[in-house]
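One chain follows as structure tokens, the form predicted on its own.
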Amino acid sequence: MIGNLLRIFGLAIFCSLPSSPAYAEQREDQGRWSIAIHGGAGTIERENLTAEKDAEIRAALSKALEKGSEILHQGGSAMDAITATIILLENDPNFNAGKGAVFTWDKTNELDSSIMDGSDLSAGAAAGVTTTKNPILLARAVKDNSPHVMLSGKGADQFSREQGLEQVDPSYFSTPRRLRQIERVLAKEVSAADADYKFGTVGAVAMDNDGNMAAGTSTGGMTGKRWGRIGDSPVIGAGTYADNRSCAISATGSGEYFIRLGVAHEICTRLRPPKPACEFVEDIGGDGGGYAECQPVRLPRAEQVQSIADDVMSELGDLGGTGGIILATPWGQTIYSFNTPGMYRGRANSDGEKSVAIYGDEE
């Protein structure tokens, strides 16, 4: 009888494990890692990029990917890997994050960022900051060193200074290309959408050797934005989400639609495996005991993960939204899904696979 009770108790604990955010569902790949990055999605076609710019962007993506991969290969955490990766992308003026961020209607730069740890669902975000050199570090400081999830505007700038993060003069973020963009918009030569045909938001997602997931996103927002507009990038559940039970996601695109659909959280929710189905089985010995019999959980295959992400992105398109996502699962898969002609992207894993891509017809 005691043996049966212990068996029931032990199986009951096993069957309840998936309810814990820190539990990566029945991983069979302990010791493996994976990472994916993006640098924006939009009307990115070969005729819009010179051969030199194409090579420059691929080199920037490769450099960032190598940095994150090195940290993961050495046993570093997913949080550290995506933070270091995004810093490199923020420092590269080819992207709309940090140096090279787009201008607001008032010809200023307002930066947004967010980060999330899938092991405990902790998260941090900052919106409308103006002097922090690397906004992803501010998002992480909010997560690690404050009781809050999101700070904005002057308060976020003040918190950044108090945390000792590197500050820069706002002119640091300016580049001639971004100035030309906003000047054309203000002169009504083009619409903001036409001027900003590439969404240059950057992001990274990763799974580390311990099976922990992390996601981060950083952006300068939308060209010509007004009235303190905030998009999806700093919104947990819209532009960024991580949960060890299902996935890590970073998004880029028309933020209002990602917010309305809660894209990042929606995809992760659809990917989360159900709890094991258990039923009590009576002990045929006749002593009144028994045990819990649990059916194994079937984890989604790569094509199923792709299908779920594509379905949500299709729903985004039905609303009128465009953009893309990168996704990593706790089962080692990394995928992209986008409804635009192209997306700056890359991925790597512990099996030695590594690739970067720009256009829609590339793997």
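The structure displayed is predicted, hence computed values, not measured ones. In this text, residue numbers run from 1 along the sequence as written.
The following text describes the form predicted together with a small molecule, which does not appear among the structures shown.
- The small molecule in the predicted bound form comes within 4.5 Å of no heavy atom belonging to T85.
- The closest heavy atom approach of G200 to the small molecule in the predicted bound form falls within 4.5 Å.
- Contact check for M222: a heavy atom falls within 4.5 Å of the small molecule in the predicted bound form.
- For the chain shown alone, R229 is a contact residue for the small molecule in the predicted bound form, at least one non-hydrogen atom being within 4.5 angstroms.
- This chain appears without its partner; in the predicted bound form, the one residue of T130, S254, N94, Q181 with a heavy atom within 4.5 Å of the small molecule is S254.
- Between 169-177, 266-274, 68-76, 230-238, the stretch whose residues reach within 4.5 angstroms of the small molecule in the predicted bound form through a non-hydrogen atom is 230-238.
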